[in-house]
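Only one chain is given next, in C-alpha cells, and it is the form predicted on its own.
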C-alpha cells in the first residue's frame, strides 16, 4: 500500500461556518476591543488552563497584535494555525475562540482547542462550535471541506468542562499522559488525548 499524498491547505479557508446559533469566522482588526474585553472578563479562569491568557491581550493594542498574528497564520503556506472566532449568529457578539493548529501534513491531521465566555458556558455553545468545525475539517476538499483525516483534542484531566466538550462532540478518549502538565493551584495534571477520524466520526 502506498503512502497517501501529504495534506495541503485549500486556497481559501472554508469560512465562515454557520450553525443554528453561531458563526465561526476569521478574525478582523475590528474585533480587537471585543477580544480584549472578553479575555479580561474571563482571564482568571482562562489563565488556569491556557498559558496565552497570562501574557496576551492585556490591552486593545495587544489584541490588535494578536489579530495580526492570526491573519498571518491564516495566510501562511503551509499553515501553522487556523484561528477562528466564535460569534453569536444573531447579534454578532464575540463569544470565544476555536480553530485548528499543530498541522501534520504527512499524516493529514491537526489539533483543535476552544474556549467560551463565562456567560455562554453550560449552554452547549462550545460543543456546537467544535462539531461544526469537525464536520468541515474532515469533509473532503472536493466537497468544500479541509480534507483532513484525523483531529485531536488534548486537555487537562482536571479541566472537566473541556473533556465534556470533547466527549459530546463525538471524540473518543485514546490516551492519558500521566503528570504531563503543571496547573497553577493544582500541581501536576494528566493530559487526556481525544481524537476522531474521517472514517469513524459521526455527528452527535
Ligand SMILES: CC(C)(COP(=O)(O)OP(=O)(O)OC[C@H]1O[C@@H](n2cnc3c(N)ncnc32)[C@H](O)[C@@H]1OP(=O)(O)O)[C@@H](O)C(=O)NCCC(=O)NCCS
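Note that this is a predicted model, so its numbers are computed, not measured. Residue numbers count along the first chain shown, from 1.
Just so it is clear, the following notes concern the form predicted in complex with the named molecule, a form of the same protein that is not shown.
Judged by heavy atoms within 4.5 Å of the named molecule in the predicted complex, the contact stretch among the candidates 29-37, 149-157, 65-73, 133-141 is 149-157.
Residues 115, 124 and 127 are all found to lie within 4.5 Å of the named molecule in the predicted complex, as judged by heavy atom distances. Exactly one listed residue, out of 50, 60, 177, 41, brings a non-hydrogen atom to within 4.5 Å of the named molecule in the predicted complex: 50.
Taking the partner from the other structure, the named molecule in the predicted complex has no heavy atom within 4.5 Å of any heavy atom of residue 89. Mapping the unseen interface onto this chain, residue 120 counts among the residues with a heavy atom inside 4.5 Å of the named molecule in the predicted complex. Mapping the unseen interface onto this chain, residue 173 falls outside it, with no heavy atom inside 4.5 Å of the named molecule in the predicted complex. Shown alone here, residue 168 lies within 4.5 Å of the named molecule in the predicted complex, counting heavy atoms only.
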